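Taking the form predicted alone, here's one chain by itself in structure tokens.
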Amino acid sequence: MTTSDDTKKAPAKDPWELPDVSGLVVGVLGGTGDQGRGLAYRLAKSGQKVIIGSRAAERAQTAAAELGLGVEGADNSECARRSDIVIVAVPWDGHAKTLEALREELAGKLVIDCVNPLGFDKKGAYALTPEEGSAAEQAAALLPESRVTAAFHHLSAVLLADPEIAEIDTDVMVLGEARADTDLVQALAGRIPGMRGVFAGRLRNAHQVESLVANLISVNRRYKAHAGLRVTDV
């Protein structure tokens, strides 16, 4: 016999109750570029173990030595193999080729795609629409055995790299298919002082998040700023 107490639903999970990611190794593919290098610096500064990946191991090792903070450098393949979480911060024109080459190494990994498909002309930046819908969805199609998420699109590389700036005042929009995965990404974003990861939907909604970078570039050019985003009332 059941009672009313037996049929009560379990309390909803607190959305800000996030896992501890401090012991996970984070690899950054494209870690010698401005965005990847800035993310590697901030995560390492927060105490995360970070490996920078590049097509050339020597280039990655040089960048890692310049950053210090225990950051290591390796070629992309080794970086992917040795990391628990892998951030994809490569240029858009090399996105598909890089991921295709690392499909085996990235199998079973949590992958965070932060690539923004953009074009530029005399009018400024504009969004491109990949055949799959977004860079994140392209990554998911190319990496069927990986857990692909999307995040870290709207961060200023200038602010990330500036050692004089203690906190990065911004929210990070996090998208993905499984709550366990997006919770991990939110927790990782929260390791960086001033940052907060906010769940923003499934990967099918990644296009508009990636595209918004074109608008932020326009904001920054007009106001000589390094604009980020804050989500209110959450």
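What you see is a predicted model; the values in this text were computed from it and never measured. Note that residue numbering begins at 1 and tracks the sequence as displayed.
What comes next is about the form predicted in complex with a small molecule, which does not appear here.
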Requested in this report: Indicate whether the small molecule has at least one heavy atom within 4.5 Å of a heavy atom of His153 in the model of the complex.
Outcome: yes
Query raised in the report: Looking in the model of the complex, any heavy atom of Gly197 within 4.5 Å of the small molecule?
Result: no
Requested in this report: Flag Thr98 as yes or no: does it have a non-hydrogen atom within 4.5 angstroms of any non-hydrogen atom of the small molecule in the model of the complex?
Outcome: yes
Query raised in the report: Taking 4.5 angstroms as the cut-off for heavy atoms, does Glu131 touch the small molecule in the model of the complex?
Result: no
Query raised in the report: So which stretch, 26-34, 161-169, 177-185, 199-207, is the one near the small molecule in the model of the complex (non-hydrogen atoms, 4.5 Å)?
Result: 26-34
Requested in this report: May I ask you to choose, among Gly108, Gly119, Pro91, Pro144, the residue with a heavy atom within 4.5 Å of the small molecule in the model of the complex?
Outcome: Pro91
